[in-house]
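Just one chain follows, in the form predicted alone, and it is written as structure tokens.
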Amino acid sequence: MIRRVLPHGLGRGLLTRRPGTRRGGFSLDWDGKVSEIKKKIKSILPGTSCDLLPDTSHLPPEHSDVVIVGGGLLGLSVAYWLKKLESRRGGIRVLVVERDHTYSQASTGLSVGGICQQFSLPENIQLSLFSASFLRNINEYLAVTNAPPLDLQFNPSGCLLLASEKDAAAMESNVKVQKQEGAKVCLMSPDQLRNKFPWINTEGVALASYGMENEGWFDPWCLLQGLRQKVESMGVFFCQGEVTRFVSSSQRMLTTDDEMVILKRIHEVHVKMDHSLEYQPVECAIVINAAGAWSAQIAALAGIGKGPPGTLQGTKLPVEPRKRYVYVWHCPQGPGLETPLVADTSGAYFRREGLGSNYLGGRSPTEEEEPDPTNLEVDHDFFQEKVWPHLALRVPAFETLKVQTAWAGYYDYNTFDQNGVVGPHPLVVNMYFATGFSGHGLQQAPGVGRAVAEMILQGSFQTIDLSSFLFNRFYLGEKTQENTTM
């Protein structure tokens, strides 16, 4: 039933008001009108300052074609591509709402900045290949007049994935897919591994895959700031605040199987201003849920998942915050400047950080080890007990490492299949997702933003088909699962 009736999440053709066509006209220049009114008042009352109208400069606009909830890398990428692909300059009015203007808890700034194409799904490989091209040509995309060029400090040292005997066949199969998609990846035996990287202990390693091009790491904070600077120059509005409510309408509809479904459309977003009880209603045509680890809360505000269990209406967005630790250590005898980002058979990983014999890394916990996500406190015992033993086994020089600092950040963890959620919701027809990437969002953001913009502006994915990442799969029970050693 759902495949026949809701092939693309009912996203196409159901918007009664396309971007740029709302009540009263979306082209209303409210700030300009206010300025004109103030001038008229001042001319009538000469010699007085015009304080008769309250200052509303801190408020978001009353109307926006698109409201993006979440101003991290994914939200900014969607904003960028909407403006980049709009048919005429200024044709789409975009508002980004971000509750933390310092980005102190944003996943982007707290990540390790890795980029890798060594996935098993073609969609993930294609997204990361495009991102690598985007990063390498960053100033062609994000140049701003009179602003200095961006330096992402992209380090193309590659990614090295290690597989045990039980994972070797899967790794071999994955590399075939990666090569078919255009990734430059090679397989290495334990002997080849020791010859190329003499600092590594190959005990327990049956096979390795090594990315020879377009892999490594970069400065995620620089990318975040560069994207924000660019979209502001393109006319995107920003607001520091929190989305607290959606005002929507609904209508009942019979499917071809005579099942009743309720379609909802959001007409208004309520934005609560920071450190205030004040809120601003924003009339809109489309809402983008790019709220990362908190995107399920935004979905619930729209009524998603609030229906009978086992129905599409009762299907929740399965994304939750998961806390991950990153540790920085110093080791003068550690691997040299040619060291790639290494992912061990144990799940531990590391890479170099700068030129001073510093490294950073960590390890994803098991389900039983998952830490409390309500705070960002670091568990230093986790490193000593769960990370360091694996590092020291794989790189004997790390026996003498000294931890310098550590921090914690959030994954927007998709508990269903650990892959992204992209595109429209099948019932809340004008809410689109860009979330749930479970640690891959940073490196895939440029391609995901483009895909969401294509779906909104053209009704379908154009450059990379991300249909397998649609929300419908949660209701259908069809996992889009990765089979990698990462």
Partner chain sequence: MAAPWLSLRLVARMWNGTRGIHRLGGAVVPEGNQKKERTMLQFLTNHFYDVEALRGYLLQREMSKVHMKNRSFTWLEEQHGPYCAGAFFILKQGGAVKFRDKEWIRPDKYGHFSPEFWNFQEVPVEAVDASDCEINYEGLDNLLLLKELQSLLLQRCPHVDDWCLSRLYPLADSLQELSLAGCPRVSERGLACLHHLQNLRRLDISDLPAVSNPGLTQILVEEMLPNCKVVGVDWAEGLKLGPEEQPQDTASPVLA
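Bear in mind the structure is a predicted one, so any value in this text is a computation, not a measurement. Positions refer to the first chain, counted from 1.
Below, we refer to the form predicted in complex with the partner chain, which is not included among the displayed structures.
Of the candidate stretches 401 to 409, 168 to 176, 75 to 83, 337 to 345, only 337 to 345 has residues whose heavy atoms lie within 4.5 Å of the partner chain in the model of the complex. Proximity of 114, 118 and 204 to the partner chain in the model of the complex is absent: no residue of the three has a non-hydrogen atom within 4.5 angstroms. Just one of 180, 139, 189, 250 comes within 4.5 Å of the partner chain in the model of the complex, counting any heavy atom, and that one is 139. Proximity to the partner chain in the model of the complex, defined as a heavy atom within 4.5 Å, singles out one entry of 184, 101, 380, 306, which is 184. Within this chain, residue 210 lines the site of the partner chain in the model of the complex, having a heavy atom no more than 4.5 Å away. Remark: residue 394 does not count among the residues lining the partner chain in the model of the complex, judged by a heavy atom distance of 4.5 Å or less.
Contact annotation for residue 324: none of its heavy atoms lies within 4.5 Å of the partner chain in the model of the complex. Although the partner is absent here, residue 260 sits far enough away that none of its heavy atoms falls within 4.5 Å of the partner chain in the model of the complex. Although the partner chain is not shown here, in the model of the complex the stretch 338 to 368 places heavy atoms of 338, 352, 355 within 4.5 Å of it, in sequence order.
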